[in-house]
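Presented below, as structure tokens, is a lone chain in the form predicted alone.
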């Protein structure tokens, strides 16, 4: 099977972490591609008409996407335990959706600066996305820290990938301010081998 990805994509990072955690790195071929919302570049549109990454081309069926679907597929394929059983599953899935939401707002902020011409950039939209992120980080810090501090699961992968992207692209925003518990958790979880192996490098 072949995974189309970008090393700088936080969504692709989630998938790569799952591959590391489930011991499947040697079983896949990787294709590094690039594109944006206004230029699909080398993204395989025939496999994902939405023009988004990552995309997993399977040997025995149509390609699958997005990152949440791919991660669930890879975990099931390896008999992994990244999706807990019982009530904790719903917390893990909610945290995965939360991490993805942070990433989506962060990407919108980045694209506003990198894709739009300067005269068309709208700071109000950028600031509104950060308000969403900041509000969500506060909730993670106050409400979700007990789950994050528990057994490693997909929710933690998603949140760690999101926070890593904030450090990589929006470090001037200083997301750690006022989020001491979350910052401490992230520092500790970032020592995990799978997260170190997938950290974005400019």
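Numbering follows the first chain given and starts at 1. Quick caveat: nothing in here was measured; it's all calculated off a predicted structure.
Just so you know, the form predicted in complex with a small molecule exists too; it's not on screen, but the next bit is about it.
Note on contacts: among 138, 149, 36, 42, the single residue with a heavy atom within 4.5 Å of the small molecule in the predicted complex is 36. Proximity to the small molecule in the predicted complex, defined as a heavy atom within 4.5 Å, holds among 22, 194, 179, 9 only for 9.
At a distance threshold of 4.5 angstroms between non-hydrogen atoms, residue 156 is out of contact with the small molecule in the predicted complex. By the criterion of a heavy atom within 4.5 Å, residue 73 is excluded from the residues contacting the small molecule in the predicted complex. At a distance threshold of 4.5 angstroms between non-hydrogen atoms, residue 83 is out of contact with the small molecule in the predicted complex.
A residue is said to contact a partner when one of its heavy atoms sits within 4.5 Å of a partner heavy atom; residue 163 fails this definition for the small molecule in the predicted complex, lying far away. The stretch that touches the small molecule in the predicted complex, counting heavy atoms within 4.5 Å, is 48-56, out of 23-31, 48-56, 171-179, 138-146.
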